[in-house]
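One chain is shown next in structure tokens, namely the form predicted alone.
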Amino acid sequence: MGEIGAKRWNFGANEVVEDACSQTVRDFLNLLVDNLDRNDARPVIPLGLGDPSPFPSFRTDPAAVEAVCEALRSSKFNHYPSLSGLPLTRKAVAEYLSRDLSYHISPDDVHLTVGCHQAIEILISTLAVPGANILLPRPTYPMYDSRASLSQLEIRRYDLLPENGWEVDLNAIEALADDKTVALVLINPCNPCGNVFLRQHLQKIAETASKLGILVIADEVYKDIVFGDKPFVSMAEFAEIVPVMMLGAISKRWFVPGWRFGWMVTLDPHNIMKDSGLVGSLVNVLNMSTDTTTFIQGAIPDIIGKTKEEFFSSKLGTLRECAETCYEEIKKIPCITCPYKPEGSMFTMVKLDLSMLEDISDDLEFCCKLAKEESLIILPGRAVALKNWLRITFAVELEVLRDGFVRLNNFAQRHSKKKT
């Protein structure tokens, strides 16, 4: 036994993995959960994770559930799926995405994935050639950061400007990019900011990316979660200007993140991605990856075709009311400011004024103490690459949201600097 303990082994922790994992939302949420007071009898209020599915107001449509049950009962979908997904499912997704576009997407350009997360993994792995870099927004969706770090793809950050409605800093993009820049990630509607980009701004982004010779990764997983005055415009409309890789999933519109069904779509009318070899490499990485569950694929045509519009409009109405409540309640708390009223996704970014607080040094300490004292979980801004801000999700039951802001207000008052 002594010899085994003393022997030198040729394996151990992977520092690259450790660094990549330290950037995930789950890592921060686990830290906050560890700070909860187990003696607090109040229910924990989760305003840190964008998953409304456990709440009754956000249950998915029974037609979607029946579609999955029927696909499973049919025994038609117990086999391995074909590469990139079942043809009938790719066709259904292509038709669904084409509804709001000025042209029709080919099913051949649709590649099915295990949720949008796997789409990110596959795409980043494909792009991560030695020496390459990628442009990510600040604030960001940290899965891109984690996967880029794991693939040793250099991250360069461009800012979203709160004073301009969280628009992209186009000057920064031009300054950051070089001949090793492979792509720009754009999340619209935006997680974590809650904004929706205007058509004119999207065109400028496309023109800038085209001039720099880089791919646009359009993360449009929240494309149908829009409840403000601005209409959603897909980056797919600008594929004539620049090659676009569009990512999406059913997780948000149908409130079923656990079903793990997403897609990547290559929008490449000039065959730039194809001729460069990117599409071929992407398919090869797909071929080495886990397939989307076949019976979920089999259910997709009916999930899309049989869910009534009333379901979507009802859920959007609920989200709109929650977003309004969130924005108004933030105004009542002096130490936080929301620079832009949310109009899409399930989140908003809130600036923290530390000068108004005592015994709190930064956003992480704020959130840890908030969890401990109020059983309220809010994500610190550093988790999305914006220190001393907070990301709040409003996609919960309305009464839960209001209770959360009562607790947040109590916490802020308790830690406010006392006037002399």
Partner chain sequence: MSEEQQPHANLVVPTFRTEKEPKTQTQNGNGRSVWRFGGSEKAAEASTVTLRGVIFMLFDNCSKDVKKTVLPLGHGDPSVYSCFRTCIEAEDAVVDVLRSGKGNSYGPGAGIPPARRAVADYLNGDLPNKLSPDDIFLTAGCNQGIEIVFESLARPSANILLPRPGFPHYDARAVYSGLEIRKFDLLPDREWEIDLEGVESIADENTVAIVVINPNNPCGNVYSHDHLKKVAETARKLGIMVITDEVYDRTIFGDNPFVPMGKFASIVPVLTLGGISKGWVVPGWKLGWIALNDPEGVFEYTKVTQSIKQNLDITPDPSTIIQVALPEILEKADKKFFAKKNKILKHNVDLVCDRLKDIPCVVCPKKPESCTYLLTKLELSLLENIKDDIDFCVKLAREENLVLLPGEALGLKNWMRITIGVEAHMLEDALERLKGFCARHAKKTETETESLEALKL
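Just so you know, these numbers come straight off a predicted model, no measurement behind them. Residue numbers count along the first chain shown, from 1. The term rigid core refers to the most C-alpha atoms you can superpose between the two forms while keeping them within 1.5 Å.
Note that the form predicted in complex with the partner chain isn't included here; everything after this is about it.
Of these, Gln200, Ser313, Ser102, Ser75, which has a heavy atom no more than 4.5 Å from the partner chain in the predicted bound form?
It is Ser75 that has a heavy atom within 4.5 Å of the partner.
Counting non-hydrogen atoms within 4.5 angstroms of the partner chain in the predicted bound form, say which of Pro81, Gly262, Pro162, Pro301 makes the cut.
The option sitting close enough to the partner is Pro81.
Can any non-hydrogen atom of Ala41 be found within 4.5 angstroms of the partner chain in the predicted bound form?
Heavy-atom contact with the partner chain at 4.5 Å: absent for Ala41.
Just checking whether Val129 would be counted as a contact of the partner chain in the predicted bound form - the rule being heavy atoms within 4.5 angstroms.
Yes - in the predicted bound form, heavy atoms of Val129 and the partner chain come within 4.5 Å of each other.
Check Ser53 for me: does it contact the partner chain in the predicted bound form (non-hydrogen atoms, 4.5 angstroms)?
Output for Ser53 is yes: heavy atoms within 4.5 Å of the partner chain.
My question is simply whether Val65 lines the interface with the partner chain in the predicted bound form - judged by any non-hydrogen atom within 4.5 Å.
Taking the distances in the predicted bound form, the answer for Val65 is yes, it comes within 4.5 Å of the partner chain.
For a quick test of understanding: in the predicted bound form, does each of Cys69, Pro87 and Phe295 have a heavy atom within 4.5 Å of the partner chain?
Checking in the predicted bound form: Cys69, Pro87 and Phe295 are all within 4.5 Å of the partner chain.
Since the chain is shown here on its own, which stretch among 336 to 344, 320 to 328, 192 to 200, 239 to 247 would lie within 4.5 Å of the partner chain in the predicted bound form, judged by heavy atoms?
That would be stretch 239 to 247.
Could you pull out the residues of 21 to 47 that have any heavy atom within 4.5 Å of the partner chain in the predicted bound form?
Heavy-atom contacts within 4.5 Å come from Cys21, Thr24, Arg26, Asp27.
Could you check whether the CA atom of Glu399 moves 2 Å or more between the shown form and the other one, using the rigid core for the fit?
No; Glu399 is a residue whose C-alpha shifts by less than 2 Å between the shown form and the other one when the cores are overlaid.
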